[in-house]
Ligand code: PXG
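Only one chain is shown below, in structure tokens, and it's the form predicted on its own.
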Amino acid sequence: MGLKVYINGKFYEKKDAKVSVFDHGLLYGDGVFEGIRSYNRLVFKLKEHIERLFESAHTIMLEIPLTPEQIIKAVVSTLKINGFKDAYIRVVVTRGEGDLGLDPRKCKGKACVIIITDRIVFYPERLYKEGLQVVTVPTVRNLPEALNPQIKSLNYLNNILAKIEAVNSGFEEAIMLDSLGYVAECTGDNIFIVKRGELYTPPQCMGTLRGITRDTVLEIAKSKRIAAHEHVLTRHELYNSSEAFLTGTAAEIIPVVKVDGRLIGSGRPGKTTLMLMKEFSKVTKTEGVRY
């Protein structure tokens, strides 16, 4: 049985899963999405992801033609029909079919809802044991006043350009600064550092996405009585941290051991990072929607 994709209430074989070339999601990146994971038939933080999807849609004045509960059921149905126990889930909502102009009022039909379930390898497995080396790139994170990073829009060109710069420099991942020169986030992940046993991560107001995994790490830290601060970070503070790691739905938690050629701590994944990785693995087995 081939992979089946959900589009507007129906399932299609992968080769037949298509949208119009006039869809504003294709023409202009006019839409929103969420990346979600399931672990052993438990969709981790599904309700939180769908809540964020609707928040993104509301901000860009995109009306989703389903309720949050209906999308949750559709996600579960897509996982079941594909027989996945563990999967990466992509929920996409586009503005729908319009004309070649920008005006979203020309998109006369309903928004298009797409759900894809598949497997994903975001970083090579060895890097979770050895740690990731990253580089700061010239492309800065979008200004919140231009395109707020809290909106998970289909227009990810800002992140893609930064990813290209990292890859061209021989690195798997890039650190993006904000317009003031503070550390914002990576191309697909939030960033944390550990200093004197306490956690620091850039605040949401400084050009970073409110990451679901990021929030989970902050919850774990609180349960372990580890002080955690949402605080602006400079590269100097990053270079001189004792540990660093990235968080994201696809990446989960991955240690960072070198930034711009500077070793972080001992140059090996640190004990706090390793503990958080272990605790996060436990949480993914208990929080979410079962199917």
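Residue numbers run from 1 along the displayed sequence. Computed from a predicted structure; not experimentally measured.
Separately, the form predicted together with this ligand exists; it is not shown, and the next lines address it.
Engineer: Taking heavy atoms and a 4.5 Å cut-off, does Pro65 contact this ligand in the model of the complex?
Structural biologist: Pro65 lies outside the contact set for this ligand.
Engineer: Answer for Gly29 alone: is it within 4.5 Å of this ligand in the model of the complex, judged on heavy atom distances?
Structural biologist: No, Gly29 sits far enough from this ligand in the model of the complex that none of its heavy atoms falls within 4.5 Å.
Engineer: Can you tell me if Ser241 lies within 4.5 angstroms of this ligand in the model of the complex, counting non-hydrogen atoms only?
Structural biologist: No, Ser241 is distant from the partner.
Engineer: In the model of the complex, is there a heavy atom of this ligand that lies within 4.5 Å of any heavy atom of Asn190, even though the partner is absent here?
Structural biologist: So Asn190 counts as contacting this ligand.
Engineer: Name the stretch: of 253-261, 223-231, 48-56, 66-74, exactly one has residues whose heavy atoms fall within 4.5 Å of this ligand in the model of the complex.
Structural biologist: Flagged stretch: 48-56.
Engineer: With this ligand left out of view, choose which of Phe171, Tyr123, Tyr156, Tyr182 has a non-hydrogen atom within 4.5 angstroms of it in the model of the complex.
Structural biologist: Answer to the contact question: Tyr156.
Engineer: Can you work out which of Ala162, Leu132, Ile212, Leu199 has a heavy atom no more than 4.5 Å from this ligand in the model of the complex?
Structural biologist: Contact with this ligand in the model of the complex is made by Ile212 alone.
Engineer: Can all three of Lys152, Cys186 and Thr247 be found with a heavy atom no more than 4.5 Å from this ligand in the model of the complex?
Structural biologist: All three within 4.5 Å in the model of the complex.
Engineer: Using a 4.5 Å cut-off on any heavy atom, which residues of 18-38 would contact this ligand in the model of the complex?
Structural biologist: Result: Gly35 alone.
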